[in-house]
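One chain follows as structure tokens, the form predicted alone.
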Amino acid sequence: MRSVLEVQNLNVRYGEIHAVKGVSLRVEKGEIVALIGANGAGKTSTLSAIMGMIRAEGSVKFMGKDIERFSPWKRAQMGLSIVPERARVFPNMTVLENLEVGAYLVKDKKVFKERLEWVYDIFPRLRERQKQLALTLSGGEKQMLAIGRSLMNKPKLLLIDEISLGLMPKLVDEIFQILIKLNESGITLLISEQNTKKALEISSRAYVLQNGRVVKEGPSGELKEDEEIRKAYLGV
């Protein structure tokens, strides 16, 4: 099976800081793959580089095509979307207007309405609050809106960065259940997450980043039982 995403020897530098050091990873169609590691390990930089939001060296193939030279807009057009960390919604726009921004590549009004209904079915609270300004939403609702906005592009691969950051435990459970449902609906996911326990619970495979390098990789079930992972990230 051809991988949805293949990354080889990815390097990201911020001036003198070498943030991502030769990272290689792959994501197969239908998978949930997790990037785990401590804060500052290089997870966000890796996702940002895959989306084309920051400069990087190395090979990035999406749906079998080399996309290193493609703009983020072109990558989105191909079916790659990202949910950035800290629910970066547009606070002074309504919920509906935020979703419309996510559908900027959709020109057909019928398709737009179908996508909107699909997102509202996944997140009924967004339907209820569609006329509210995004700044009035709770933290969990903002995360839902950030995911919903990315879904308006009907992505083949959804990159999700630190979705649980700053959320109460109950909301974390709810958001992760939503990620499982999205995956069951046919969307492939690559998630960057500090909540190692949750990430390993819902993913089929995972990569462990430390100081910008992949130090371990494998089936999530095996990594959950790995003594080093348990001590470093699971607190057991």
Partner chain sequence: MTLDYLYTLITFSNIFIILSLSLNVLIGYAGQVSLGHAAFFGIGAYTSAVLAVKFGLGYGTTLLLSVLIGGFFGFLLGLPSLRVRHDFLVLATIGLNFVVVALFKYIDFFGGPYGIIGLPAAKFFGKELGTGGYALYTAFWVVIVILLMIYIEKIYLRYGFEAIRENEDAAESIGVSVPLFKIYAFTISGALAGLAGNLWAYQMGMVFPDDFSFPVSITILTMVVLGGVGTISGPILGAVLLTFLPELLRFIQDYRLLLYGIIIVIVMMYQPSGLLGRQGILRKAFKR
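Since this is a predicted model, take the numbers as computed values, not measurements. Positions refer to the first chain, counted from 1.
As for the form predicted together with its partner chain, it is not shown, yet the points below apply to it.
- Pro124 falls outside the set of residues with a heavy atom inside 4.5 Å of its partner chain in the predicted complex.
- Not displayed here, its partner chain is approached by Lys107 to within 4.5 Å at the level of heavy atoms in the predicted complex.
- Contact annotation for Arg88: at least one heavy atom lies within 4.5 Å of its partner chain in the predicted complex.
- At a distance threshold of 4.5 angstroms between non-hydrogen atoms, Gly140 is out of contact with its partner chain in the predicted complex.
- Contact here is defined as any heavy atom lying within 4.5 Å of its partner chain in the predicted complex, and by that definition not a single one of Thr136, Leu159 and Leu179 is a contact residue.
- Only one of 66-74, 194-202, 23-31, 36-44 places residue heavy atoms within 4.5 angstroms of its partner chain in the predicted complex, namely 66-74.
- Among Leu145, Ile82, Ile163, Val119, the residue placing a heavy atom within 4.5 Å of its partner chain in the predicted complex is Ile82.
- Scanning 91-111 for heavy atoms within 4.5 Å of its partner chain in the predicted complex gives Pro91, Asn92, Met93, Thr94, Glu97, Glu100, Val101, Gly102, Tyr104, Leu105, Lys107 in sequence order.
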